[in-house]
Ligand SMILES: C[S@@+](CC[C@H](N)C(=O)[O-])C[C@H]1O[C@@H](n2cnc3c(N)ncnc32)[C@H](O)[C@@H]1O
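A single chain comes next, written as structure tokens; it is the form predicted alone.
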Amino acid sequence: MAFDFDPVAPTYDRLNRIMTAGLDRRWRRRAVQALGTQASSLRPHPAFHVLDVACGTGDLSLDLLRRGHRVTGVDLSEQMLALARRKAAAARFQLADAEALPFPDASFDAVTCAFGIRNFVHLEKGLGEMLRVLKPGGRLVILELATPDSPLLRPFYDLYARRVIPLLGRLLARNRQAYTYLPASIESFPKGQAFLDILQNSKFKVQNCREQRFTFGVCRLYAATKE
């Protein structure tokens, strides 16, 4: 069952900035940069039609618009989408399930997903849908939170994730449950090579899969090109 994000929508952006010390903005910019250019394009910086999956309040969609891309955003939370429409008015937003995208095959030049894929109920089904609507040669870029690899950092991360984040959720969002769910979902999501192994499954038909780690590995960027 998918987590209901409607109740936390009003405080979602504020808490993101506080919990990441504003680094989430930098991570999203790196995701936009990772789109690169299509091999078939002769233009140095082509504008893509990008599908932003699990777009939330539209932060990544807004960054994509600023780079000149055309953006369609989808999310399961109508409250999140209402905020996204105000923030990034030039994008097109609609309520949709990432595991059953309402678009024809090969509809988009690129597909992005920032901090949302760990919430998919069926990960491989969601990946399959994102790749289905992506054009051959198109770029898939996924940004997700993760636990740090360093055994020296892990105790400090655990203290922050298990104690501080739920406390912030209770004080600022009046929703401790949501911000107890957050670290639990990060902990359970496959990271690094484990996620790349899923992505490189032959049924997905992707190439040039890679991972980038930011801020001691607490944020990971995964990118691949559809064959």
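Numbers follow the displayed sequence, beginning with 1. What you see is a predicted model; the values in this text were computed from it and never measured.
Another form, the form predicted in complex with the ligand, is not on view; read the next lines as being about it.
Each of 28, 54 and 115 comes within 4.5 Å of the ligand in the predicted complex, counting any heavy atom. Here the chain stands alone, but in the predicted complex its contact with the ligand, taken as any heavy atom within 4.5 Å, falls in 119-127 among 119-127, 103-111, 150-158, 132-140. Contact between residue 222 and the ligand in the predicted complex is not found at the 4.5 Å heavy atom cutoff.
In the predicted complex, the ligand stays beyond 4.5 Å of every heavy atom belonging to residue 204. Of the heavy atoms in residue 16, some are within 4.5 Å of the ligand in the predicted complex. A residue is said to contact a partner when one of its heavy atoms sits within 4.5 Å of a partner heavy atom; residue 76 meets this definition for the ligand in the predicted complex.
Interface residues of 80-116, taken as those with a heavy atom within 4.5 Å of the ligand in the predicted complex (partner not displayed): 80, 96, 97, 98, 99, 114, 115, 116, in sequence order.
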